[in-house]
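The chain below stands alone, shown as structure tokens; this is the form predicted alone.
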Amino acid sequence: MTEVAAARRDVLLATAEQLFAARGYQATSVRDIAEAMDIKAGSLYAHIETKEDLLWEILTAAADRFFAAADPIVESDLLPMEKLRQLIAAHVQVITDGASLAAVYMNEWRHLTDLRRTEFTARRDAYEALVRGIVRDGIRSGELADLDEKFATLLILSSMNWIYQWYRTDGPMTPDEIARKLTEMLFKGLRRAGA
């Protein structure tokens, strides 16, 4: 692929990502993507075979970012609570670095055809298993209370995965502040000390 073709593909993926995030995959047509790029719809087919190929490429890129952020932390020799703290910060950073990418990742995978949906959910489940493994290690080491590790994992992921809905780059909190506050509340709870 030439440099020009690669640059055009990057623009195509970025445009599709923005439209899928704003309108949803089903409500976005190939024509919409072409119009946003100021080209003819037929020209897009020089770069893609189907609209689903765009969705698949976007979802794969998002999953790759989450794993790239998490893997070094999971594989480190850190204690479980420090791993969890760093993983939360890394996950928050991935979401805040690309809120539209996160929106597509969290919502639009349901529109994949069966084989791709199965592959996507397997990757999502593998990521959840990484987080769950840290939680399990924290329970075994005594750093975490003896709790339902599956529910705790879902609570942690759910608390982070909704950030794309409200985070703004010009908002009152930086990604680091969000991660710190989230970690503090998850680790300490909402109860006042001594209450």
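Residue indices: 1-based, along the sequence shown. The structure presented is a predicted model; accordingly, all values stated were derived computationally and were not measured.
Unshown form predicted in complex with the DNA; subsequent notes refer to it.
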(Q) Can you confirm whether R110, L115 and R124, the three residues that make up this candidate site, all sit within 4.5 Å of the DNA in the predicted bound form, judged by heavy atoms? (A) no
In the predicted bound form, does A68 have a heavy atom within 4.5 Å of the DNA? no
- So in the predicted bound form, does D38 come within 4.5 Å of the DNA, heavy atom to heavy atom? yes
query: Is there a heavy atom of K51 lying 4.5 Å or less from a heavy atom of the DNA in the predicted bound form?
result: yes
ask   = Just to confirm, A129 within 4.5 Å of the DNA in the predicted bound form by heavy atoms?
value = no
Answer key: of K150, R168, R31, R140, within 4.5 Å of the DNA in the predicted bound form (heavy atoms) is R31
Testing 42-50, 157-165, 56-64, 142-150 against the DNA in the predicted bound form with a 4.5 Å heavy atom criterion leaves exactly one stretch, namely 42-50
